[in-house]
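Below: one protein chain in two forms, given as structure tokens, structure 1 then structure 2.
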Structure 1
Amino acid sequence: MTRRVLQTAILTLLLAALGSPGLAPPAAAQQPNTCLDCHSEFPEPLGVTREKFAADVHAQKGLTCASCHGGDPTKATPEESMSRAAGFRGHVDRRQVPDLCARCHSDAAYMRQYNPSLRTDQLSQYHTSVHGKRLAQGDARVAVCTDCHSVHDIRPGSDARATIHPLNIAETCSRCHSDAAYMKPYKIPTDQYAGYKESVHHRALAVRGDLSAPTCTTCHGNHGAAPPGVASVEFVCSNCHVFQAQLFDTSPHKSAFEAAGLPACVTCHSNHRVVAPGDAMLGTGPQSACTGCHVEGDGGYTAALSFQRRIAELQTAVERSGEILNRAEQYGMEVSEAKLEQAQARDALTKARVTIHSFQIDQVEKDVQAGLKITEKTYQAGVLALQERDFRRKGLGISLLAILVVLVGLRLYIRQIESGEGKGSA
């Protein structure tokens, strides 16, 4: 009995080893691929054109249809090429896709020959994702590898046409997550993509072309995609917004938010619709983020007003001195030194806006004071430059007047000489 078990085990292992991709080098690309002879003529979903398959990174590395579907593409007849004896499995059930891809992608030794730095933990990550967990529970509607990466024309993320290129990821996710009918059973919102498209993150990514700017997967993870959750959202944001997170940790909001079960960052800035923060978020106006919790009379309300007032004062001072320096420069006055200093005043304003996250007025005040000191100086420099301009203008006027006087004097003098000569010759 035990011998039979052992024999079976050895046989199974042997078969598994033979079937393992590590032992099966990819078929050379030049070998005939009889699958495409027929399937390039078929309509979808059975059809795969030669062009489409040629764009697939797997095809480019020499893998064939058989690598995933089994069978033998070198054989001419369907009976032979699609014979179950040759391992043909035909249609791959959605539920089996992650394991199928993982046969190679979780095999570090195998993957190394193609891309030594490519991660091989996608499947284990996937098991931790909301998609993976639901799939394990038998929900076949959730995303599997091919839903995000496409099927027969899978391109690497560096390819701008890839569904997983940073610029395309949000749209790829939105194909399901913005489809209200499809998402209905899950009872989750479907406005994430619409919100994200209005966000400062999307603007940085799609408009400014900063490919490191966040898209869905930056905050949710890719293969292990799941919402960050109330407790960890601050960690997620702080990967990029380091200072704000540090300051927030020292702020009175830290414990207050925790006690109230409010997530950090997103309580004021929202999550998908993170619009560019502005000074109107301070204070108590209609766009205030403070009045959500603070009411007239409490300390936070007063603090909100002071934050706004101080920032506005510095902003006005920066604008005022910037304007006078620009004006002086337009009149051709030399103000480059002052303009250089003016940059420091703008720095102070930017820093003050970051320091707001400490929610402590004395800390903000330090930056504001530093900025105001500089703007006072640069404004004076602008005033002096304009005074100098006026002085030069007056000087020009006076010298023109002097020249005029000379001309008139000369004219009179000549006339005098002429009249003297006239008398002499008469």
Structure 2
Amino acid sequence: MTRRVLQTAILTLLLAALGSPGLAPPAAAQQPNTCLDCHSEFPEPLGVTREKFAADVHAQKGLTCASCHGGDPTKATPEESMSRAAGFRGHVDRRQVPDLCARCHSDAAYMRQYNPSLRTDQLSQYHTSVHGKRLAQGDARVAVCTDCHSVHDIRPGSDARATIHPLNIAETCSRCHSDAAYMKPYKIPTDQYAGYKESVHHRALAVRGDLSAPTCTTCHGNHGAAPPGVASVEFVCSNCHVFQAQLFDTSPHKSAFEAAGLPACVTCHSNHRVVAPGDAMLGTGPQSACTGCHVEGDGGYTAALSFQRRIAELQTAVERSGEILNRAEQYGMEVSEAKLEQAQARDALTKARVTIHSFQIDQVEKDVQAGLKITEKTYQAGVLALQERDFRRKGLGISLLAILVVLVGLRLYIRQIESGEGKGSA
């Protein structure tokens, strides 16, 4: 008993000496913040409520107003809290914002204590961006850190309420890039957000909830001019669509596009308004991407027709064999092995559609032939299964007829016996 009391006393003393960081608030949060006493009463943009500031990731890490604005928020009077002697700098000019943020965010040793996984090259990356270059040239209208991350309610990117959460990034960028009046001096389109909202990428992100789906920063980079490892946004598609990019690099289109100054993927698929690709993009129909460059009579025009025709033939063969296998299965026939092979035919169709990016008919033909070979086999399996069904039906019919004949014969035989016994007894 004495030993247990002693252990409890030692543990209590250790906790008192070390504190309880999991429960106690940061030291800065325990100190008075006279800045909020006044600014919580001000309207925007000077107004900052205690609730808003408390939600800021910096406040949660123990930083205060003085971390960015200087001064001493523990002092009671404005003369003391906002004195130059206390380092008060007040309003931060937007041209100074990147350097101000970088005082901490470019200091790896400092940032390691808060978030070791956070990159510390944002400022150097920003200097390579259009925003950073224009700011360096004196254009204060371009985006700085606070335009994207907000000012006093900055939240981590994993927070769905953050302006930089994947679901919100496009809207954050659109605040400037969809404002025709604001963007007028830059003479660039302002329909990027409208186009993106119609794209397959936006549907994957916002409708299906796939947070890995592309948004603005995926292609354009977040702080730099392009994502890390990508020399130019022109080549960014290959980050996700690796195989298609490799095929394109071996295609005759690569050198032709380079000679014409055309971007690779964007020329056929667009950039922001990327719709789901389909076979209608082949051939020479109204949705064809090929007829943008090729005209009737040239080799590309003929190849476009061949691509579409062969893909359509395989598609039809896959559907035909799939239909007969499903029908056989509904009749209870065993076609599971053929259906497994049918999956390989669908894979061949998918592969043929990807191989289109080689723009070489012989390579596409290999995939088409492989798929057609499988579909012919699976179709025959379906035919045989239905023939087996018909055979079983006939056998069942004959069996039932034989049983019926036997039953009728037995009935007649029994009646004959009963008739004979009646005569004998009479």
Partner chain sequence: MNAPGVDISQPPLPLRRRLVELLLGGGLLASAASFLYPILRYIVPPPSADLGGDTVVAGKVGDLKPNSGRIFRFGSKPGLLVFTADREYRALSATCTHLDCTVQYRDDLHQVWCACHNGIYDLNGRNVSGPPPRPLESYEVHVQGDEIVVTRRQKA
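Owing to the predicted nature of the structure, the values given are computational and were not obtained by experimental measurement. Numbers follow structure 1, counted from its first residue as 1. Heads up, when I say rigid core I mean the largest set of C-alphas that superpose within 1.5 Å between the two forms.
**Request:** Please state whether structure 1 or structure 2 is the form predicted in complex with the partner chain.
**Result:** Structure 1 is the one predicted in complex with the partner chain.
**Message:** Once the core is superposed between structure 1 and structure 2, does residue 385 show a C-alpha displacement of at least 2 Å?
**Reply:** Indeed, residue 385 is displaced by 2 Å or more.
**Prompt:** Relative to the superposed rigid core, does the CA atom of residue 124 travel 2 Å or more between structure 1 and structure 2?
**Reply:** No.
**residue 331 C-alpha relocation of at least 2 Å between structure 1 and structure 2, rigid core basis** = True for residue 331: a C-alpha shift of 2 Å or more.
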